[in-house]
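In the block that follows, a single chain appears as structure tokens, in the form predicted alone.
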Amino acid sequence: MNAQNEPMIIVEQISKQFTLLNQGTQQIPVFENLDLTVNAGECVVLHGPSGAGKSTLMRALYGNYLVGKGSIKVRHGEGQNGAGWVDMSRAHPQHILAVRKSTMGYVSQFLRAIPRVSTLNIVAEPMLILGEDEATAHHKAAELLTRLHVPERLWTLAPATFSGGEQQRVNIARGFCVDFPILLLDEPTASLDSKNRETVTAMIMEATQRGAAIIGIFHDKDVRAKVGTRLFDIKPQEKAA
């Protein structure tokens, strides 16, 4: 378990822009010189209007997007002098995959369903990758699916044909199957009814209490108020004419 107030993510002076190759390489700025530190035991809510770059920042933290400059340091494992750190903006793909395997979980808005793989196995997979035995991983997956009100009759089916809300609950169960030290949550409650929204809200608060460092996007103001320990405002950049 991580000590409360221990830095888990340190973002320093990162900038991001997109290049529109089909429009004469026009540059579209997203954010510039952005700094953010997230400690263990807090849930930082990304706040700002649509297009400000909230989801872009999340993808950069996860190593899906490169940034133009700056660093994104993630506490990962232990080095010779204490905590090990990986700069997600420059790390080798193998190091990024290692961070995702045991340190950083990511719940996106959409489940990337794998054809013919059962719901139970999709949820249990992060534990199996870490070497947990199948019985234990399936037990944890079943607990989460039950808590998220996914009917047991669906567990042996692939979730590709599930409703949007059902797929999102499978996605959340998968993201919470391992007690990751860091969690990135991109609109986890967007497709959920009030009952399941309350369940997910409780799960996020429990993760914060155990010492997880969480960064989230929550458009539901009630969820934001309950889970957030502080807001981090992202202001949209001026677009080039």
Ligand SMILES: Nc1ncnc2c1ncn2[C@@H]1O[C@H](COP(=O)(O)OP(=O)(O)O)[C@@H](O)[C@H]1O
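Note that the coordinates shown come from a computational prediction; the quantities given were computed from them, not determined experimentally. A residue's number is simply how far along the shown sequence it sits, counting from 1.
Although it is not shown, the form predicted together with the named molecule is what the next lines describe.
Contact assignment for the named molecule in the model of the complex, among Asn39, Ser55, Ser191, Thr208, heavy atom within 4.5 Å: Answer to the contact question: Ser55.
Heavy atom within 4.5 Å of the named molecule in the model of the complex - residue from Leu183, Val200, Val30, Val67: Here the answer is residue option Val30.
is_contact(Leu20, the named molecule) in the model of the complex, heavy atom dist at most 4.5 Å: Yes - in the model of the complex, heavy atoms of Leu20 and the named molecule come within 4.5 Å of each other.
Contact stretch among 192-200, 42-50, 174-182, 208-216 - heavy atom within 4.5 Å of the named molecule in the model of the complex: Comparing against the named molecule in the model of the complex, the contact stretch is 42-50.
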